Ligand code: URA
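Take a look at this one chain, the form predicted on its own, written out in C-alpha cells.
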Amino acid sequence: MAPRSRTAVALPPIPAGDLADLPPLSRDQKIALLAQWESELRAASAPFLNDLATKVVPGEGDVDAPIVFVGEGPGVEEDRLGRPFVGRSGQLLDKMIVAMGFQRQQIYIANIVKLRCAEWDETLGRVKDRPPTPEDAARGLPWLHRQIEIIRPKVIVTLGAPAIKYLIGETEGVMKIRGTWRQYRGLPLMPTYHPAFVLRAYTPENRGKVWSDLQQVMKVLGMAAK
C-alpha cells in the first residue's frame, strides 16, 4: 500500500450564508434532492472503492430531522452494511438518542467521509481503521456540506475530534471544547465525545459529560431532560 501523502491539503470552505436564509424546502423536495445527491455521491466515490473500503456509506435518517449527528467516518461494520454507526459505537449512540427522547429513525446520522479509512498495521499484523486524513476530508466535506444544507436541522452534534476539526476548522481539542456551543452556518453546534472514546474510557465522569452535552441540545430543542 502506498504511503499517505504528507503534503498540506486545503480543505473546501464552509459554504457562505446561514441556512435559515435559504429558500425553504418541502419534505418531498428534500427526499428528491437527497436521492439525487446520493446518486452523484456514489458515482464520484466509485474510483476510490477497494478491498478495504467496499461500500459508500452516505448516512441515514429523517430528512426533516431536528438533529444531525456527525462522526468521522465508517468502520469495518459500517463498510460491510453500508450504514453509519452500526457497530459497538453505533449501539451506544442509539442509547444516547433514545435517552434524549428520540428513535434512531427520527434523527439523521452522517460522517465527514463516506468511505472507510483503514490501512495495514505492521505492529498489529492486521488492518486497522484510522482517522480521516486531510485528503480524505477534502473529498468528503463537499458532500457533507450539501447533505446538511438539504436536511437543515435545528442542531448539529459532532462526535469526536476529527468531526469538529474538519467540519468547522476547530483547532482546540474536543476534550477542551466539548459542552461549549459553536456555530455552523447559523446553526448551533455541540461538540461531544465520540461513542468509541466513551467505550474505551467507560467511566461515570465521561458518560456524565456526554449526557450533559446532550441535555444542552435538548434544551435548545425545547425538550425536558428525563
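All residue numbers are counted from 1 along the displayed sequence. Here the structure is a predicted model, which is why all the values come from computation and not from measurement.
Quick note: we don't show the form predicted together with uracil (URA), though the next part is all about it.
In summary, the region of this chain contacting uracil (URA) in the model of the complex, judged by heavy atoms within 4.5 Å and restricted to 82-90, 133-141, 120-128, 147-155, corresponds to 82-90. The shortest heavy atom separation between Lys55 and uracil (URA) in the model of the complex exceeds 4.5 Å. The shortest heavy atom separation between His194 and uracil (URA) in the model of the complex is within 4.5 Å. Interface residues of 40-76, taken as those with a heavy atom within 4.5 Å of uracil (URA) in the model of the complex (partner not displayed): Gly71, Glu72, Gly73, Pro74, Gly75, in sequence order.
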